[in-house]
Every structure is written in C-alpha cells, then in structure tokens.
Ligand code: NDP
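This document starts with one chain, in the form predicted alone, laid out as structure tokens.
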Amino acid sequence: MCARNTRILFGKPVADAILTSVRKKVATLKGRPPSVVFLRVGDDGASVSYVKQKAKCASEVGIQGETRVFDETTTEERLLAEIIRLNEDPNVDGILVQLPFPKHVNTLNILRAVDSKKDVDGFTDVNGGRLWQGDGSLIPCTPAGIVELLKYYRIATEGKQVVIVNRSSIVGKPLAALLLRHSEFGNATVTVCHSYTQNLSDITKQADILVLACGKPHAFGRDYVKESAVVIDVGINRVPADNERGYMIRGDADMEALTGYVDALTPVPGGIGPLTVAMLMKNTLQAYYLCQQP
C-alpha cells in the first residue's frame, strides 16, 4: 500500500459560492426581502449558538431573520398556535423550528404543522414525500449540502457504491433519496446502515463514498474504510481537551489515520457544517418564491 495524496474537501468555498448566488438574487428582488423566523424553546447552549449563526448568515445575504424564544415550560398547544399564526402571515416566507424540544413537546406534531411552502428545513411529511417522488424543492439542508459538495469537487456518484451510516430523517434517509435520483449527481447504489447493522465494517469497506453521521468520535479508521474511498464526515462530537472550552470538535472519522489512505475526506470542523447553513439560506429564498405563487 502506498501513501495517497488525500484531498481535503473544505466546505467553506462551496458555501461561499452558494451564499454569493443567494445574495445576488435577493438584491434583484422588488419589494420586501425574503424573511425567516427562527423558533427556539429554552436556552440549550448548542441551540442558542446555532440560531445565532443562522440569523447572522441571513443578515449577510439580505434575508430578514427574526428569532422568537419560548420558555422551556411552553406548552405544545402554544407552539402550535404560533406556527399557525406564522403560516398565515404573508410577510413570513420561512419557518425554522430549532431542535431539540423539551420532552413534553411532540416534535413530529410541531414539524408537521409548518406550511410545506415555508418549511425551510425540509422536515415536513409533505416535503419528505416529494423528495422521494423526485420533485422536492425544499430539501433538508445537510443532505442537500453534501450533494452540493460532491458537485463542487466533481466527485461522481453514478454507478458508485454509497454507504450512509445514519438512518435519520434529517441526514440518512433524505440523502439516500437524493443519491438515488436519476440525475448527474445521483444514480448511486445506496446502502443505509444503523445501530442494528451487523458486520458493519464489511459493508462500509465496500463504499466508494462513505457518509458518517453516527456520533462516535474517531470510530472509523482504516479497518472500516476502503483505501480509495471518499469519506464525508457529518459527525459532530465534543472530545475532552485541555483548552478554554474543555473540549474539541471532532468527527466520526479518524482523520489522522485516513489521511494518506483515502482519496478524499471532509474535515471536522470545516467540512459539511458551513454548507448546512448555506443551504438554509438557499431554501429560504426558494420558500420566498413559493410563497409568492398564487
């Protein structure tokens, strides 16, 4: 085995290209700019940080963002009433419900209440069904961002073996639908693995493109990965470290072990993360167009 020149697939240049396109299109709109409302329940540190990042990005591309915060004791009925009001507000194009919710709130009930035209996260059952039918326009941001990354770096998917280690409705399932589509960056043979998959390494070592999103830091090294693979790491894990924060962010892939072994690899941080936010802005602009239709 000889050392490979592993290509590092940074997300920032891809995200910058998407955001530049969104900014230019927003600047040409007549009347009010696209608008999105972020709903957050409680003060979970990660949720606060994520919403701030999204709101900041919206402002930078000319999208009007508003954050509405509810106490952790807020009832499901109160949240549903707020979503219904936003659905009916002609000045609101996008609704983003920041997860997770407190245990007393049924997440599916909240997500399903969002108008499918304003569902900038692509989480409603309507948009999920449309995606599997091949005509989705509001697609979950992380899977959509992964496809944009593949396009940008010209990583072919047609006829390739893709293994996704995640079966969530946020990443694994919608990404499988996207890569199965009859399109230039689709036409893949897709296998979805999960916590009950047996002989996982036997399956992942077959992958031309391996997508990791299972929340196990550094779990996937050379024993799990084919030498010539492209590894897309979506894992976000806090690993204890001797620094001010007391932790470092690391992915599911063992980047040190895989560098020089695989063909290409996304870093964590700096890989898929920026693309998730960029695709949210693209979805908000798309929601604006949808809401303008009679």
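Since the model is a prediction, treat every value here as computed from it, not as a measurement. Each residue number is its position in the shown sequence, starting from 1.
The form predicted in complex with the ligand exists for this protein as well; it is not shown, and the discussion that follows is about that form.
Under a 4.5 angstroms non-hydrogen atom cutoff, the ligand in the predicted complex has Asn237 among its neighbouring residues. The ligand is not drawn, but in the predicted complex it has a heavy atom within 4.5 Å of Lys216. Within this chain, Val171 lines the site of the ligand in the predicted complex, having a heavy atom no more than 4.5 Å away. With a 4.5 Å cutoff on heavy atoms, Arg167 counts as touching the ligand in the predicted complex.
For the ligand in the predicted complex, the listed stretch (269 to 277, 20 to 28, 282 to 290, 6 to 14) containing residues with heavy atoms inside 4.5 Å is 269 to 277. Site annotation in the predicted complex: the residue of His104, His194, Arg78, Arg222 reaching within 4.5 Å of the ligand with a heavy atom is His194. Distance criterion of 4.5 Å from any heavy atom to the ligand in the predicted complex singles out Leu200 from the list Leu180, Leu200, Ile155, Val92.
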